[in-house]
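One chain follows as structure tokens, the form predicted on its own.
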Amino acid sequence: MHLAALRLRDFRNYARLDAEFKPGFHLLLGDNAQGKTNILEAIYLLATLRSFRGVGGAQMVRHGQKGYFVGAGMLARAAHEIKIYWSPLERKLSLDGQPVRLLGDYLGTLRAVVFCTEDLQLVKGTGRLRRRFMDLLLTQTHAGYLPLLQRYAAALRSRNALLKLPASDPRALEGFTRQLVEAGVELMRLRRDLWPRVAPLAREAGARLAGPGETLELVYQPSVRADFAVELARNRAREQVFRSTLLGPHRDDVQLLLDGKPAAKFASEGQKRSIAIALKLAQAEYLSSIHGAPPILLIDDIMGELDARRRAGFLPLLDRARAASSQVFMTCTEENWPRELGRDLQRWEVKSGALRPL
């Protein structure tokens, strides 16, 4: 899989961009605030339909314009054309000239994993971010996961709306509770099955990054410990007080342990950074194992901040990407690009919203 062409119109600081990319390594060089990360953001948007910066569509529109367009040509087992248009009044997504009706039919067309400074929040932030990490990984590898997650979210919204009423209809509440349990049990099963496959990959990546003597563990923590329906019934009085559904997959978390201790509390900043990178390396390795080829890797200006040992932790994945004729897009300045990548790469200059090969 590789991105063959990228087209941007009024996206971030790009009024117009038309670029073609070959398989291999692409090094985006330039000073800060020139648009390097915006290119990675556009590629990630094509893969996941969201920004890795945690912003909405309005923040990605070029100043003074009504909307943005992101288009791509990609090659995998077949060639595909993707078009995304966003404005406050209109949103369009098409694949090979046909409107996309169901997101589950689209997601997975282009697979990408991003490494960025925001990843640190996977360790330091709330459980919502780790749930999103789980959901993205399962969406990229399990065709039925997104529709299931959407069904659960719809039942949860309806159930919470009823709980907020002074006097809710018991029959309606029971109906949405039944929908919640049916979808929730399956969500938790898929999440529970995921971690025995991903945790060893994260542990191995953590060992490469940190060296011997530190052990990383990932422990799935569902908020439901036994029977979901029974626990909901037991919590009904508390739900009436808080007017909200207090347990279920929307409250799940993943505990990150370093040498048996919670990483968020006991790990140093450097260790937290290594754990965040290990999680993303595990994501990329897992996608590679499922689909038989590495995803597109998007590395946003972090290699220059890592010491030689931690940079070396990337090399097995980068070597596999090279061997599989996949793609790596990496941003950095001229001063801090990692020389150990060698010269087998395409260098691009990014300046004031313009991209040109060097």
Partner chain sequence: MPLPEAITRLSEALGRLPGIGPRSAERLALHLAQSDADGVRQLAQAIVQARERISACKICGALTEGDTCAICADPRRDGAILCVVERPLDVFALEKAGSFRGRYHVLGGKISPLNGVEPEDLRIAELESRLAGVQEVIVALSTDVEGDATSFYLGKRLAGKGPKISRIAHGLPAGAGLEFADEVTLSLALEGRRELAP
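Nothing here was measured: the structure is a model prediction, and the numbers come from that model. Numbering follows the first chain given and starts at 1.
There is also a form predicted in complex with the partner chain; it is not shown, and the following applies to it.
Proximity of D96 to the partner chain in the predicted bound form falls outside the 4.5 Å heavy atom cutoff. Contact annotation for M188: none of its heavy atoms lies within 4.5 Å of the partner chain in the predicted bound form.
In the predicted bound form, at least one heavy atom of G144 sits within 4.5 Å of the partner chain. Using a 4.5 angstroms limit between non-hydrogen atoms, V219 is distant from the partner chain in the predicted bound form. None of 135-143, 71-79, 197-205, 108-116 except one has non-hydrogen atoms within 4.5 angstroms of the partner chain in the predicted bound form; the exception is 135-143. This chain is drawn without the partner chain; in the predicted bound form, the residue among R91, R171, R192, R234 with a heavy atom within 4.5 Å of it is R171. Contact with the partner chain in the predicted bound form, judged by any heavy atom within 4.5 Å, is made by just one of G175, G270, G125, G104: G175. For the candidate spot formed by A155, A161 and Q179, every residue has a non-hydrogen atom within 4.5 angstroms of the partner chain in the predicted bound form. Annotation for 62-77: no interface residues with the partner chain in the predicted bound form [heavy atom within 4.5 Å].
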